[in-house]
Each structure stands twice: as structure tokens, then as C-alpha cells.
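A lone chain, given as C-alpha cells: the form predicted on its own.
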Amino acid sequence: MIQVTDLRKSYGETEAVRGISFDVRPGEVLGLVGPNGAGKTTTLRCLAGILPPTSGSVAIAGRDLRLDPVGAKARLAWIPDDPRLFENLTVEEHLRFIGRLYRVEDAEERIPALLEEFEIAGKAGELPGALSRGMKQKLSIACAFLHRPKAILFDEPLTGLDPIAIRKAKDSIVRQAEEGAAIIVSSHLLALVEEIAHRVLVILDGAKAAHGTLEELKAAHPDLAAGARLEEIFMRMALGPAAGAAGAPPAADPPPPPGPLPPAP
């Protein structure tokens, strides 16, 4: 559903993304992790069509983003870490506008359900200036889900949410995957990635450092203690062997693994 081939993005002499290739299948959640400045957000913005790649290709649901930008963008949704809303549109008007923009035929039926799902029905008539940071994030996600995108890109999706909203947002992400969407979640919250992602892509200094299931990443570092968590694996890759947790006891109550990886089409 998402195909990225030799993606490169340069800013002058600086190559921010260096030849990254990967794919995301329908029904799969890919966790995108890396330190600040590694190239995660630049990668996502290239996938969303916000930034033009210097070279390489991106395809969404079989639509080449360079050759058919409208067709590709019509099939994806992008949720940035900082919600960008229209100051003069109410919460409900945002959803109605998105419904018209994407020609969602059943928007009138879907909007009330999304308002309830994200607990913003009581704010339907409010302007963004009256919303909390968390409410704005909920509205951004609701707008993204309205047109049933086949590919969804999240950049720090839980920013500003309270614990109850975090739990519901995670459930919504998993449910979108179960309904067939291909999802990329970029987050510094490694416990979140470990809980919901089928595979993990680690980016260091603009390049792909590791890509695979959590078990495959663990197998690449057999010296780590049994039961090592994603945090320990990431620290080993980012900081070297001295940062590893070899010999440390496994963390208590690890999150359950996500469902089985969807079969390749």
C-alpha cells in the first residue's frame, strides 16, 4: 500500500534522507523511530507530498506520488505533530469541509460517529482557538479518518492527549489497520511503537539502520538480555554497545504483541 524506493532528500549540501527503501502492507502498522534530526519528519513529509524528494519514488496504493499526485494524496492521510487547523471553521465545519474536499458521499453519516469516537461532539460548534491542544489533535485525527484513507501517516500522534485519550487513540489506530489501512507511526514513545507496530524502521543520520519485526531486531543483537525491549535495542543501535542492557533483567509486564503481520499481497 505504501512503497518507498531509494528515497533521498537534500537541503543544499546536507542530505537529510539517504536512500531509504521500505514498504507497508495493507493492515500493517510500521513504527518509525530515530533520534531528533534523524530524518523521520522529512521522510514523512516526502511521503505526504509536502516536500518533493530529491530522488527516488513514493507510491500510495499503486499511485506514483510524482506522476499522479492528486490520485496518491486522495488515498492518504497525514497527521502532523502540530495540528494545522482553520481559525474560522468550527470543529464540525472542519469535518464537513474535508468531506467535500475528498468527495465523501456518506460524510453526513460519518461525521457524528467521528465526533463521538474522539469525544469532541460537545465542541462541534467551537472554533480552534477555544480548543485545548489535545482537542485539536483529536480533531486532526478525526478529519484524517473521514475519507477512509488507504495509507495513514502519524507524526507523534499522542502529543497533548490525556491518558484516556491516549488509550482511545491507540485503539483507533489499531482499528484502522484491522480495516485494511497501511499505517506509519513516527514516535519517540518507544513503548507505543512496541505495543502497536508489526514492524519497526530505525533511521539514524538519514539512513535506514534497521527494519523488521521486533523479534528480527532482537535477533540482530543476541548479546542483549532475554526479553529486551525496543528501548534497549534502539539505544544499542543509536549509542553503540556501551548503551546496551546485556545482563539486565527483562522488563515486567511487556505489552502484548500486535496481531500477526498481514500477508504480502
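So that there is no doubt, residue numbering starts at 1 and follows the sequence shown. Bear in mind the structure is a predicted one, so any value in this text is a computation, not a measurement.
Omitted from view is the form predicted in complex with a small molecule, to which the following refers.
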{"item": "Touches the small molecule in the predicted bound form: R110 (any heavy atom, 4.5 Å)", "value": "no"}
{"item": "Contact test in the predicted bound form: G212 vs the small molecule, heavy atoms, 4.5 Å", "value": "no"}
{"item": "Proximity of L30 to the small molecule in the predicted bound form, heavy atoms at 4.5 Å", "value": "no"}
{"item": "Contact flag, G39 vs the small molecule in the predicted bound form, heavy atom cut 4.5 Å", "value": "yes"}
{"item": "Listed residue that, although the small molecule is not shown, lies within 4.5 Å of it in the predicted bound form (heavy atoms), from G49, G56, P35, G227", "value": "P35"}
{"item": "Answer option from R96, K170, H147, H188, heavy atom within 4.5 Å of the small molecule in the predicted bound form", "value": "H188"}
{"item": "Candidate stretches 39-47, 219-227, 192-200, 59-67, one within 4.5 Å of the small molecule in the predicted bound form by heavy atom", "value": "39-47"}
